[in-house]
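Shown here is one chain on its own, the form predicted alone, set out as structure tokens.
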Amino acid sequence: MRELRFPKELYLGEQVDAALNVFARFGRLERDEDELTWIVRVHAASAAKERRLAGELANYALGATIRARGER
């Protein structure tokens, strides 16, 4: 399992959710949050797949947030 943490001051929750929807078919993704952070736990068939899935998901969430903030 890998855990990703997305600071709420930087990332939009809607865009983290969008990334989860895009990548859900590649593994099991759990979303949680605390006061300051969106938390995503990534589970896949192997450590290598978890690493790749986590990286792709994080990149997507960042890009989607940048695009969304640019449109506002």
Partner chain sequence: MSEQILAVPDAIARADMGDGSVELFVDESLYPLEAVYGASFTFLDRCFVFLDRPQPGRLRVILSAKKLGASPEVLREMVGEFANELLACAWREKITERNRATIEAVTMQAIGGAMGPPSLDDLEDFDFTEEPFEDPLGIAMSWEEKYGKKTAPPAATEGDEE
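It should be emphasised that the depicted structure is a prediction, and the values quoted were computed from it without experimental measurement. Residue numbers count along the first chain shown, from 1.
Omitted here: the form predicted in complex with the partner chain. The next part is about that form.
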Practice task
Report yes if any heavy atom of residue 56 sits within 4.5 Å of a heavy atom of the partner chain in the predicted bound form; otherwise report no.
Solution key: yes
Practice task
Please run the contact check for residue 9 against the partner chain in the predicted bound form: heavy atoms, 4.5 angstroms, yes or no?
Solution key: yes
Handout entry: Residue contact check: residue 62 to the partner chain in the predicted bound form, 4.5 Å heavy atom
Key = yes
